[in-house]
Ligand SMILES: Cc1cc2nc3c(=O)[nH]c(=O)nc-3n(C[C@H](O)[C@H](O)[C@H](O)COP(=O)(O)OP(=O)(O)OC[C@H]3O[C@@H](n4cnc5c(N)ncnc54)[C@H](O)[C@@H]3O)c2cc1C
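Encoded as structure tokens, the following chain is the form predicted alone, with no partner shown.
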Amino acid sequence: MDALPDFRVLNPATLDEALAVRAAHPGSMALGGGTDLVVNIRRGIVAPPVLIDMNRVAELSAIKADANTLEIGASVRLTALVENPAIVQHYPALAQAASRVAGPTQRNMGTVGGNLCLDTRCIFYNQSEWWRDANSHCLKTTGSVCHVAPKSRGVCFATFSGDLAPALLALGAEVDIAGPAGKRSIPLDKLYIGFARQDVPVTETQGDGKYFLSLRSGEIVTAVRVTNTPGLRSAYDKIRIRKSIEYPVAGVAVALRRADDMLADLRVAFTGTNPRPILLEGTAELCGGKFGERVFKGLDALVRDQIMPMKTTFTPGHYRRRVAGVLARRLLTRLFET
């Protein structure tokens, strides 16, 4: 890693102050735990002239959790999710996802907002400056070609790998957003626009691995909220090269409801495979019947259709897709039989 470039750190005490500072410094970036952003700065990937430290904004550091609702501020540390008894009991997929982020040091520093807005990753992007320069850079930095898909005509295929997003997608979460135009709330899946299709141009509503968030200029995520579904069982698991530190080869969250021997509700979400976290479409069609091979075959078909087999990590894309499907089957079986 290279030495850090020059930048200023500003420390607002309230959300209004943070938004005013952000508006006054268009090139600024919000700083939570810095476990991803500071690494990218040291690698020369980004060079913001101003960092806005959000950790002193008290209103972003609260957790409200019970059997009915959950609200988590964007500055809450990941460790706090793991240690919160109400989250562990009523929203287990979220606690499990937080517990599997990197190692203890990163979980003690990393924040909910930072993990939800985690930068997308790629073997041609997350490298040192000299490595990227030797490989003519890539589309996500200063290059003109996505080395993962050179014929994609200006579309980046970098992969989203945050662990919290799939768990929260499976729980039906919403996010609160604040910016110069005021505050708004949107379903969590609307925060992500990284669709990345070859020969399909990037727009404000359909982005790629470079433009993967729907946040408008100056906006920040302030909180995430969940309304609990009675009888919903949930869990999260992932495969990674090493037991700690490593980003997921594939991560899967499953939430379901059981009615006797029938599957009444099913949600399955993935990370580490596409330029956005994927909440599988079509799982409702697998419900309403007995749990068995029909469900497994239908799930496999949905995974094959919606999980992207691109080589953005050191593991082959088809292997990640296969792993994602196996993890989903295992979690589905375990939750249904619990």
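Since the structure is predicted, the reported quantities are computational estimates derived from the model, not experimental observations. In this text, residue numbers run from 1 along the sequence as written.
Unshown form predicted in complex with the ligand; subsequent notes refer to it.
In summary, among the residues L280, L31, L286, M308, the only one with a non-hydrogen atom within 4.5 Å of the ligand in the predicted complex is L31. A heavy atom within 4.5 Å of the ligand in the predicted complex is found for one listed residue only; from I186, V88, A264, I245, this is I245. Using a 4.5 Å cut-off to the ligand in the predicted complex, each of N115, G162 and V221 places a heavy atom inside that distance. Exactly one of the stretches 88 to 96, 254 to 262, 106 to 114, 224 to 232 approaches the ligand in the predicted complex with heavy atoms within 4.5 Å, and it is 106 to 114. Taking non-hydrogen atoms only, V303 never approaches the ligand to within 4.5 angstroms in the predicted complex. The ligand in the predicted complex comes within 4.5 Å of no heavy atom belonging to A269. Proximity of L70 to the ligand in the predicted complex: non-hydrogen atoms within 4.5 Å are absent; the residue sits far from the partner. Under a 4.5 angstroms non-hydrogen atom cutoff, the ligand in the predicted complex has L37 among its neighbouring residues. Residues are counted as partner-facing when one of their heavy atoms sits within 4.5 Å of the ligand in the predicted complex; in 74 to 97 these are A74, L78, in sequence order.
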